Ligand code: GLN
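Below sits a lone chain in structure tokens, taken as the form predicted alone.
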């Protein structure tokens, strides 16, 4: 049976060609009806295209009798060991061996997607080109492998059950009793097989290897259907086509001072009891495993010593693929998948150079991150990675000062004066200010104060999504003297609504109803900083995630007062990029440029679709913006003894995973042994 992408998706994908602009006074019912028709048309188009693509590649693969290779990455003992970083590093290592790689993330929660979850629950919501709101690990995969995934590359329990229940309601099971086994488990396997052959690297044809990460920890009750399905799946695809990498913990007790293998032994025993046997053990520890520890693991876990890899603490996360390579991890994987004669030795010269550059950074650049979710750095993971890309390019060591937006407000000054004073000290000591996206009114007044401070004191400022709207509100209040100017999100009754709810967005359903995915922005001013940073192109495609927009009725008034909207959508009615032309660097963007960050993207003229704004912020903060703009982006800021690529004049580096907040309130991206 052939399954289309649309048949598995719980909701239609947005079409990048259909972008409603400002609806000039049309009744709400007409707007809603028009939007519904456009959505249905887009859904039908995407469904037919996906169906044809799937059938084409499925038939071609069968004709060539090529078997997809699968790698499953599981975790044991505790969560947060770095399965996502391990899966991404494995994919990168295989790509360096000349293989084409795709990735799938399985999240056992019942949510259909990550779109309605708080960042405190699961970290940031990563947005894909097709509008999928997915787990942040898919951001890891895209950055490591330089690929573009789809929403179906993120499997959740909610998606699977919704798909099966919809089939049952249509009568597809012919009156049978629908059960977890075989119907749920079959749906999981079919989903994996279907998604694995979808090209994600810009080339034709399916990938050679699919890396699957199973979220959670072995033994979690919610992941049992996936464990059963993957056990059946490993039998179906057969030996030589399936490799299981189990990430586990080998702790060191301070009292004893030796590495303990018992947690890993129990984890592997539980895994084998569920029908899966690991081919490779990836052991997290503070230091490399001792030989006697490997011998013990070999004896009790039935894994060869050559297949036991140590993922010990390293200066930065770029060293993880190098650890796998140095321990011959690629050889173990290739042997398990019968690919020894196909793959070549991994070429990681660029990656190694980036790791060295990052380790060598010493001159700091301080960025004040003024946000709502500063208690968990994973809430802004992609923003941090994009900042790091830019800081390494500018040869600066990134230091992020976390500033809770509410701590800047007058109410905090009365209730907790020391906290208020410390927050303002961090802001005033920063070289640049960044206000990221967010939802809700908590901390909004603090963000407005931060934008005001940056504007009045010529401090480089970058506002992303809500951060752009904050800049508009601040400008309206303090430059245009509209004291009650606000967003209708925070004050529905404001007399000066400079930010409004978009007319085509649902007012009743929250999940998957925002303006999502890749949209096109056209530059309106040729000589603006944004256009120069993008290489003077006419338009850019960036990813969006928002319900509110700058009020089109106030645009002319704002521009007359000095705020320039230098980027707009194709209809010209939706504001995408703003600049304060008289300011050294004061930029706001409605989209999320951080989601398209890539390390080492070769470009002779400019750095690619993501890095520009973060590079602009870092360059402005470190006093290098004018030199960069004058060189049209062709400036090499790296030491001459380090060669990255003949096709790239700039080096981009990055890290992924979990970050550590320091006791002094600062965040050091080049931390010691931190999963970041």
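Nothing here was measured: the structure is a model prediction, and the numbers come from that model. Residue numbers count along the first chain shown, from 1.
Keep in mind the form predicted in complex with the named molecule is missing from the figure; the text below concerns it.
Each of 401, 460 and 583 within 4.5 Å of the named molecule in the predicted bound form, by any heavy atom, yes or no? So, no: the whole triplet misses the named molecule.
Scan 592, 159, 354, 151 and let me know which has any heavy atom within 4.5 Å of the named molecule in the predicted bound form. Of the listed residues, the single hit is 592.
Name the single residue among 489, 193, 130, 208 that comes within 4.5 Å of the named molecule in the predicted bound form, judging by heavy atoms. When the named molecule is considered in the predicted bound form, the option within 4.5 Å is 489.
Looking at heavy atoms inside 4.5 Å, which stretch does the named molecule contact in the predicted bound form, given the options 316-324, 405-413, 181-189, 432-440? Correct option: 432-440.
Taking the named molecule as it sits in the predicted bound form, is residue 466 in contact with it (heavy atom to heavy atom, 4.5 Å or less)? It does: once the named molecule is placed as it appears in the predicted bound form, residue 466 has a heavy atom within 4.5 Å of it.
Close approach of residue 547 to the named molecule in the predicted bound form, 4.5 Å, heavy atom: Contact check for residue 547: yes, within 4.5 Å of the named molecule in the predicted bound form.
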